[in-house]
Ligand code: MSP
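Take a look at this single chain, the form predicted alone, given in structure tokens.
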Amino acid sequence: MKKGCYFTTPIYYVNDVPHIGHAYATVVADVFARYHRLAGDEVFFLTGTDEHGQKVAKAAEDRGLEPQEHVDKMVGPFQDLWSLYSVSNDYFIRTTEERHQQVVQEIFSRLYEQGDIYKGTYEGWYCIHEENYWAEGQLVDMNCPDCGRPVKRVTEDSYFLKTSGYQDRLLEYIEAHPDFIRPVVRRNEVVSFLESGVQDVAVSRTAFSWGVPVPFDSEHVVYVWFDALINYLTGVGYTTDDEHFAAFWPPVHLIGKDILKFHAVIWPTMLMALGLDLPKAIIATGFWTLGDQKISKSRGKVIDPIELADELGVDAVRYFLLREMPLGHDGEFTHDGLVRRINDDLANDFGNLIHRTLPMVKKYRDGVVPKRPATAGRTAALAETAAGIIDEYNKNMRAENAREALIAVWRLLAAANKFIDSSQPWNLSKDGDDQGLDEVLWGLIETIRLAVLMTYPIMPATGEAAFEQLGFDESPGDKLFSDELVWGRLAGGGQTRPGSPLFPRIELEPKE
């Protein structure tokens, strides 16, 4: 049986409203999910919210709410944002849902019974904001190395996961699977961490009650990170829908690099202890920065994705997020940089090709796309370029490298714009070369069709609008790439419907 494709995002804390960093990871996962559906693969795409833990309980207390009331109110902005950004997730998981809590308790009990979880006492430093334990040597001026806040010395009874017992096995796995953790710099971080010696990690708390109760010890709740990681199992049907689970597990995880240790050390340990396959890949995304500081609510550095979408359009923002920053690396977010991407890439390159071609079809052929030519003469080189780029696009998208895929598509757009200048349709019309003119106009519409298909996973609304202007009644997502993403499939004969520019230029405000 062919395995389906399973993509996950981090599940997001509901202690505050979402920002552009949340949107980035989710849009990246959405792009891969959309591509694989069009490539003919069965896809399951999971996102959701992380609703337990001391940080969430504190946020609820600050608002004068009970924790459940708080999370019920806070989950809405995430769901609304994913709807606004055309995120096509198949399921939205909440860690407070009953099904998830039952799976967490079942796993906790099983690991305890087989000896992979044991009871002990934790003594050390704890950051409430990051909900993370730190060794003293990891602290920075006795503050949390992640958020810079003061840490607290704690001593409490806890249950521990025997992470140390799986250290060698995990190292061997990483060595045998070089693409398991990406990019390489993050893989090296994990290897270094493991080689330095892994301590068993606390997986329960007694200092607060907002969490999944440990089923056999009422004084403890499951540590929020142990609980949260299990969402990837719950969401795809572990212990509740064996057929669905078997069809899609293991996943490709998209996470932030700040939670790499949990996903690349603790999580694989849990899966090994459960006897389950490890993820196909753990891809650690970089940070968007403002003035060299990570965009985050806690640091007071925020970009509101709703405001951006309202100002510049959802698809333009989606394109920028995928095109600007190589996956796994950091990138500086600037408003001017986003506007320049819109003007240079979308308006000048893509939009210009469409709005040079459609008026010529209107002028020379009353808006009707010429029929597919019987033989290729003038379009032979363009066809060869397109075929090579389609192959490169598919290879990059299957390797979760959307940025390089987009760069390839833009080479096709550049070739088509150059083709207009070299073929000079206006002179073919003037010279009465109807056959040559028909072939050139058909070749341009065919190129645009292919470019729209390849950019559809990134810019779905724009793809719909572009197909409308090209005169197609169907959506770019109606058929599989195996049927449509091939040069020469355009039969021609359709009536184009030119409209307003798909990518209006945006004027940058002068700096004071």
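Because the structure is a prediction, the values reported are computed rather than measured. A residue's number is simply how far along the shown sequence it sits, counting from 1.
We do not show the form predicted in complex with the ligand, though everything after this point is about it.
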Open item on the list: Looking at heavy atoms inside 4.5 Å, which stretch does the ligand contact in the model of the complex, given the options 190-198, 349-357, 222-230, 140-148?
Closed with: 222-230
Open item on the list: Residue-level contact is defined here as any heavy atom of the residue lying within 4.5 Å of the ligand in the model of the complex; does residue 11 satisfy this criterion?
Closed with: yes
TODO: Please check if residue 258 has a heavy atom lying within 4.5 Å of any heavy atom of the ligand in the model of the complex.
DONE: yes
Task: Non-hydrogen atom contact residue 286 with the ligand in the model of the complex at 4.5 angstroms - done: yes
TODO: Examine residue 205 and determine whether its closest non-hydrogen atom to the ligand in the model of the complex is within 4.5 angstroms.
DONE: no
Task: Partner contacts for 30-50, taking the ligand in the model of the complex and a 4.5 Å heavy atom cut-off - done: 50
